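Just the one chain here, the form predicted alone, laid out as structure tokens.
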Amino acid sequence: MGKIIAGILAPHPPHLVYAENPPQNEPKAECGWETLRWAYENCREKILEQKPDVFLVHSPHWQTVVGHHVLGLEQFSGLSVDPIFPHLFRYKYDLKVDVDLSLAIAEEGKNIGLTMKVMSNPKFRIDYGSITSCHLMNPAWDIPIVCISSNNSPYYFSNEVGQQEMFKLGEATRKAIEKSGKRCVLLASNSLSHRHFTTESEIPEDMSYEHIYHHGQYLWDMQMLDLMKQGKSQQLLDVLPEFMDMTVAEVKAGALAWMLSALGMPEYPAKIHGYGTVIGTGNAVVEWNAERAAQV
């Protein structure tokens, strides 16, 4: 029987890949955002020790109006460019997709009434959010991935309706994983608070300019992280709509609700690997390790 090893809140600021200077990314940096980059290092070391078969990522930057989409070809390659930070992120990717699991999620989603689509255009460009989260969790790219789009229901209807939709998607994801026989890791590719600066310093990696947008935003982030640390998933979901409105939170796109649903609303404490800011936004690398929690 397949299972979810862990779920990770895996924020995707392209600055973190830029600062790592991987060979796939054209721009080069001196340094920067070490708190978050080291948090990712600690998290991925522990996750990779558990030998996952596949990473599943839900990204707000693959936006779909009609239904939830999954990748349906075994390989995608190309150049992914961040439209806001093209001077930081021009990444040449060549990735493998677990098509069987993608199609299984689509089928399970249809079974519970979701509109599901399969992306089978070989020229489709993978969004930078998916690439950034997957790169930072596994820079070797030697484990296949599944990418799931973010349906725009939270924006067309309401925060509450959107999160309910993502909760159903999480249920479909869990059922597909259990039938797959595979060991899976979920990546919720989201920042927390998401008000950000509209200008940047002359040197983007100059950390003397880096700080949270304002104190109220920081307090909201700390409240959400405290609920995660206490294992209060239901309370976390209950307060998400207000959090989204107060901080323009990126979790509005649904990845966090999707992941917590797939994990079965965990009541064990999450591990906070680190919190930091990127252009004023609040970002945290947070781990819910389902496999290790079951062994306690």
Partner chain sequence: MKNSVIEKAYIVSGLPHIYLAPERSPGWNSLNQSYQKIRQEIETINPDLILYFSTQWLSVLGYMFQGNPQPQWHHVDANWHELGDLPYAFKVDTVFPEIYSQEVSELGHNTRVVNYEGFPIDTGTIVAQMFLNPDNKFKAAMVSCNMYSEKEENLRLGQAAARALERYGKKAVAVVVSNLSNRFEIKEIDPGKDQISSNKDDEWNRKILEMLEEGDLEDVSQCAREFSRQANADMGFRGIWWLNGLCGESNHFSGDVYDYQPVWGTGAALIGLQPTVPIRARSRVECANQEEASQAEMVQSLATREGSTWAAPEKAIPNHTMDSESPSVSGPSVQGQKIDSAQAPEPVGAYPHARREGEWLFLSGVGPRKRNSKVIPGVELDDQGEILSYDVVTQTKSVIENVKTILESAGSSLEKVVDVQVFLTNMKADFPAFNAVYAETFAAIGATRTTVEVNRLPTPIAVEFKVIAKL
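Residue numbers count along the first chain shown, from 1. Everything numeric here is computed off the predicted structure, so don't read it as measured data.
There is another form of the same protein, the form predicted together with the partner chain; it is not shown, and what comes next is about it.
Of the heavy atoms in Val65, some are within 4.5 Å of the partner chain in the predicted complex.
The closest heavy atom approach of Arg125 to the partner chain in the predicted complex falls within 4.5 Å. The partner chain is not shown here, and in the predicted complex it never comes within 4.5 Å of any heavy atom of Val286. Shown alone here, Phe85 lies within 4.5 Å of the partner chain in the predicted complex, counting heavy atoms only. Out of the listed residues Leu103, Met119, Met207, Met222, Met119 is the one that sits within 4.5 Å of the partner chain in the predicted complex by at least one heavy atom. Scanning Leu79, Ile112, Ala140, Ile203 against the partner chain in the predicted complex with a 4.5 Å heavy atom cut-off leaves one residue, Leu79. With the partner left out here, the partner chain still marks one of 87-95, 183-191, 131-139, 170-178 in the predicted complex; by a 4.5 Å heavy atom cut-off that stretch is 87-95. The candidate spot formed by His69, His211 and Ile279 lies fully in contact with the partner chain in the predicted complex, as each residue has a heavy atom within 4.5 Å of it. Interface residues of 181-207, taken as those with a heavy atom within 4.5 Å of the partner chain in the predicted complex (partner not displayed): His196, Phe197, Thr198, Thr199, Glu200, in sequence order.
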